[in-house]
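This document starts with one chain, in the form predicted alone, laid out as C-alpha cells.
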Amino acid sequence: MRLLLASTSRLYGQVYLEYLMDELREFFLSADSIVFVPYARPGGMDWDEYTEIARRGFKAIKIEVVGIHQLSNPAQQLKEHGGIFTGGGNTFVLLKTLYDTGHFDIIKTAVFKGMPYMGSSAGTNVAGLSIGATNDMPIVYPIAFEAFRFVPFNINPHYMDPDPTSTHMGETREQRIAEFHYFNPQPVVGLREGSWLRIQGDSVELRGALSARIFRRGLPAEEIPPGPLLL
C-alpha cells in the first residue's frame, strides 16, 4: 500500500494543503486526477462545495479532482484515477456515510490493491484499525467503529500537548488515549499539526518538522522524531 496520512489539511496562516504541496507532488507524481471523499462535513457545506475546495487545492499541482459521490459507478471508475483523498471533518459522520453508501469496501479494496490513499484529519482516522482515538463527538452512529485497517495502529490527529499554564480541568489528550487503552490494545500515534505519515508497504515514516507521541498500552508514552517508525 501507498499512504499519506496527514494530521490536518491546513496550518494557521496558510491556504488549504499549502504545507503539503511538495509532498503531494511526489506522492501523486503519476496521477492526472484523483477521487475526493467529501463525506466528513456535517451540514453547512454540501459535498460539491467541499469537493470544490479540494479541487482548488490540487489545481496548484495540476491534478484534477472529482468527488466520489459524482461517480456513477465508483467500483469501476476509481481505477480511472490516480489516487484517493479523504478530507477532514467529523470522523463519525465520515465512517457512517462510507458504510451507508457502500463506498467503504470499494475504497478499501482499491487501496489494498495499490491505489495511493491520502487522508487528512478524519480521513486519517479512518485509515487505522478503528476510529476509537478520534477527538470528534459521536454525533451520528456508524454500524461499526472498525476503520479501513490500512495500518496496524490508531491515529490521533491534531494531537495537542498539555498546557502547563492552563486552568482547564478537563482531560488532556494523553489522558483520553490512556482511557482508550483501558479497553483497546493497539498503539496510538499522536500526530501533531504539520506532521504526516508516509507508508510504503510495511515501511512507516514520520515526516514534517515535529516529533510524534507514540502511546502503547501499559507503557510510558514515547517521543519519536521524524524518520522511520517501528510500530
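A residue's number is simply how far along the shown sequence it sits, counting from 1. This structure is a prediction, so every number in the text was calculated from the model and none was measured.
Unshown form predicted in complex with another copy of the chain; subsequent notes refer to it.
Distance criterion of 4.5 Å from any heavy atom to another copy of the chain in the predicted complex singles out I131 from the list I131, I107, L98, V151.
When contacts are defined as a non-hydrogen atom within 4.5 Å, none of K59, I68 and K113 contacts another copy of the chain in the predicted complex. Another copy of the chain is not shown here, and in the predicted complex it never comes within 4.5 Å of any heavy atom of P74. A residue is said to contact a partner when one of its heavy atoms sits within 4.5 Å of a partner heavy atom; V35 fails this definition for another copy of the chain in the predicted complex, lying far away. In the predicted complex, another copy of the chain lies farther than 4.5 Å from every heavy atom of F85.
Another copy of the chain in the predicted complex comes within 4.5 Å of no heavy atom belonging to A221. Exactly one of the stretches 59-67, 195-203, 174-182, 23-31 approaches another copy of the chain in the predicted complex with heavy atoms within 4.5 Å, and it is 174-182. Taking a 4.5 Å heavy atom cutoff to another copy of the chain in the predicted complex, the contacting residues in 65-91 are G89, N90.
The pair A40 and G44 is tighter in the predicted complex: their Cα-Cα distance falls by no less than 3 Å compared with this form.
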